[in-house]
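Below you'll find only one chain, the form predicted on its own, shown as structure tokens.
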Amino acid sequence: MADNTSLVGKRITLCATGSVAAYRAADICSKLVQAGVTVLPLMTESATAFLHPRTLATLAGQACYASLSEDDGGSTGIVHITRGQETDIILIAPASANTLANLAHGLCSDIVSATCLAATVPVVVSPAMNTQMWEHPATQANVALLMNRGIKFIPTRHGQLACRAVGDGKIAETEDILSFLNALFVAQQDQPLKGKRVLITAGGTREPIDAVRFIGNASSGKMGAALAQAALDFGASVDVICGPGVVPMPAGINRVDVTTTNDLLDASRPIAKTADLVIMAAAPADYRVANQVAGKHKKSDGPPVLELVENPDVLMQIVASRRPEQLIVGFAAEVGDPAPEAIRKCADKGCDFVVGNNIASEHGAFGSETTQLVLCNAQTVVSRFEPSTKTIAAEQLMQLLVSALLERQMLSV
């Protein structure tokens, strides 16, 4: 069982919305209460088709409101105001596609969206829906908009859905939801990176072949986004250098967009000079095309013959100009056990740690919501992480890196 002691004594507004996964709100409510949380439940009217409000009211020991018409502003105050301002956090689990749309566009036709519109506390969302609904451009645009406003998302899972399709969109496991909330409260309480600057690189780079084609890779930037959110949660000022096509980044960062590996190096150098913690999570292309075509290579001209030249090693270049009190971390995407290569890479490049992941495993593929990391120094494995969402892995990794950074900076004084 995970250590969720930071949940004890917290007050959480739990909102269930009209997803077939609404029944999961009962388990989430029960587990939160067992963890020492005061849960104040709300439901949309659509959610009541799947779960009776009395169930959440009984489990929480608190009144469950399911309609704005019930919110009469009685002795406990106007519910859609108080529950968004007098609790520690709002958790929407499950969050339907319709609820995400309401939140993104400021609609308040139900008690959940009205509560969020009036909220002054953080909002955390655990989506649940059919894969096509989740991946639809409208939903993803709403997610990006909400993330830019500071709403935090617990990643969906991949698996068999209620409609019997297999894909992304399953609500997170209850234990993962509790771990996410616990990590959020830990970070809010301690803020160990307050006053520190963190640089993170994310996603892949692209090396043009001609005006329309490029050499690149499938890195999504999801790990970089999760690390950026973790660093923000720990109080840091965060810069993220993003390759093209990466996932939305959290609100509150300084974002720099780049295309090529040389662009990445040029953008990283000045920021790394003042950063306390540098995490090179990007997957830069190792080679670029020497004979790039100025226009578009025509199919009638036959297959192009590419002459490749090696790109600069961004991590080694940053390490070469490091300050003694800095902590610099690299990443290694491998096929199979990443530990041996991560140890070698750390020793060869002179950084403090290298984080390895197996991109051939079910938990580590590019674009996956999950990962299984191993943290290595130049001699050995420091820590092996259990498989988890990238969000949880990022929080766990950041805790270890924070400890190492603070120890390094104390010794440098």
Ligand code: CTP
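What you see is a predicted model, and the numbers here were worked out from it, not measured in a lab. Note that residue numbering begins at 1 and tracks the sequence as displayed.
The form predicted together with the ligand exists for this protein as well; it is not shown, and the discussion that follows is about that form.
J.: Would you kindly say which of 154, 275, 282, 111 lies with a heavy atom within 4.5 Å of the ligand in the predicted bound form?
T.: Looking at the other structure, the residue within range turns out to be 282.
J.: With the ligand left out of view, which of 313, 263, 173, 168 would have a heavy atom within 4.5 Å of it in the predicted bound form?
T.: Here the answer is residue option 313.
J.: Residue 31 near the ligand in the predicted bound form, any heavy atom under 4.5 Å?
T.: No.
J.: Should residue 234 be counted as a contact of the ligand in the predicted bound form, where contact means heavy atoms within 4.5 Å?
T.: Output for residue 234 is no: heavy atoms all beyond 4.5 Å of the ligand.
J.: Residue 193 near the ligand in the predicted bound form, any heavy atom under 4.5 Å?
T.: Heavy-atom contact with the ligand at 4.5 Å: absent for residue 193.
J.: Taking the ligand as it sits in the predicted bound form, is residue 332 near enough to touch it, meaning that at least one heavy atom pair lies within 4.5 angstroms?
T.: Output for residue 332 is yes: heavy atoms within 4.5 Å of the ligand.
J.: Pick the stretch from 239-247, 155-163, 117-125, 305-313 whose residues have a heavy atom within 4.5 Å of the ligand in the predicted bound form.
T.: Every other range fails; the passing one is 305-313.
J.: What I'd like checked is whether 213, 298 and 301 together line the ligand in the predicted bound form, meaning each has a non-hydrogen atom within 4.5 Å of it.
T.: No.
J.: Output the sequence-ordered list of residues from 334-360 with at least one heavy atom within 4.5 Å of the ligand in the predicted bound form.
T.: Heavy-atom contacts within 4.5 Å come from 334, 345, 349.
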